[in-house]
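We've got the same protein chain twice here, in two forms, each standing alone as structure tokens: structure 1 and structure 2.
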Structure 1
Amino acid sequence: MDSPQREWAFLGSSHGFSVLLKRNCSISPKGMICVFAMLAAVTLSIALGFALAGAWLVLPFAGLEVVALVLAFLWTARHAADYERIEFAPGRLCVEVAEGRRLRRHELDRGALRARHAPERGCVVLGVAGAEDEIELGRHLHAEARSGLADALNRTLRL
């Protein structure tokens, strides 16, 4: 799923209460592409200039460097748009988890749901006591904030 649809899913919320948890990325994907294009263009132009002057062995090194840059930026961008969205609706709880290119959406009955902080798993676990199906949330939070999230979820689920 691409970014505009993700954005629409959040903006379209009309349930009055939602929490969006996401990573902080201080540059937009478009900005990152511009930075990469500029670096690659400068490096390859310089290497091309030297190749034309007879020093063609600069070119493979410039190529290797551009590949390293691509890998680094892709690695960073892979999870740049990850998010978890929790929406409360009358009688239901909707959870949307975007991870890399995967988007999972869960609609759960609020009645028996409970959240607990699971430090050993580095997340907040949401599920029905005794049931096997569990949803892991709060991957983008530090331990203290995860504990706070579990408490807030339980309080709101009891409302």
Structure 2
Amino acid sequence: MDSPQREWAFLGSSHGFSVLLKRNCSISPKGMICVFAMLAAVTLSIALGFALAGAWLVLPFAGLEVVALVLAFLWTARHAADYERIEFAPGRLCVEVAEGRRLRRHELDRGALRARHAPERGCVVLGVAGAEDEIELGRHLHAEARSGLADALNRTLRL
């Protein structure tokens, strides 16, 4: 199994430490369109064959299947560029979370922050000790990498 650090892109800078967590997008948008087109063509050609053989009711269901494929493709395309960026600077922590078209940016005082792995929620929870405000990170990592991220964040926060 790969080390959790291989899933992170570490970007060093002169003023601090930055971690960028992104989705694993193993297919390009052009490749995704090709796969979608082939699936739609196969589905519709099979349905057309059945329709010509007299089972015309197959066509509407094949159309529904193609519509479901389009919706899945659009959802995947919308979330392909999601990311989480964590930047440590002297005295503060900046967290930027991009989900779909929404971008949230949090700036927190580094002093009282603690990170913990929350397996039941499927993320790393970053929060100020004693406060209810929490930021969820690591949604794009597997469980072992989330645990490693929580440890790395706590080590960096203590510096």
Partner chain sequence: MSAVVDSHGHGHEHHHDHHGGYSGIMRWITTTNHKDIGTLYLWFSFIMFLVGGAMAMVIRLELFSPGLQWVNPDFFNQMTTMHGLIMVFGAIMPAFVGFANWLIPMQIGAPDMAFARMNNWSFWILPFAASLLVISFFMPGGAPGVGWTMYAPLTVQMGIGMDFTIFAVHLLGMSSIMGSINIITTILNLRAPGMTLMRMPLFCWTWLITAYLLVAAMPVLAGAVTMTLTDRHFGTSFFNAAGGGDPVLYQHIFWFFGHPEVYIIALPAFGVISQVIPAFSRKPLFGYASMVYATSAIAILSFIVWAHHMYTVGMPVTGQLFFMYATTLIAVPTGVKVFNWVATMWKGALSFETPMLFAIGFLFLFTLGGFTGLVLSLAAVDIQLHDTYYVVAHFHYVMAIGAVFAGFAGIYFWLPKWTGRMYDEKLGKWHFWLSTIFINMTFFVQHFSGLAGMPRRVPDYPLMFETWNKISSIGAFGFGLSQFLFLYIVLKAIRSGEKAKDKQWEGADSLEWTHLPSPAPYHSFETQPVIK
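Under this definition, the rigid core comprises the largest set of C-alpha atoms superposing within 1.5 Å between the forms. Keep in mind that this is a model prediction, so the values were computed, not measured. Counting starts at 1 with the first residue of structure 1 and goes up one by one along its sequence.
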| property | result |
| --- | --- |
| Matching structure (the form predicted on its own), either 1 or 2 | 2 |
| Core fit, then Y83 C-alpha moves 2 Å or more between structures 1 and 2 | no |
| Cα displacement of A72 between structures 1 and 2, core-superposed (Å) | 3.3 |
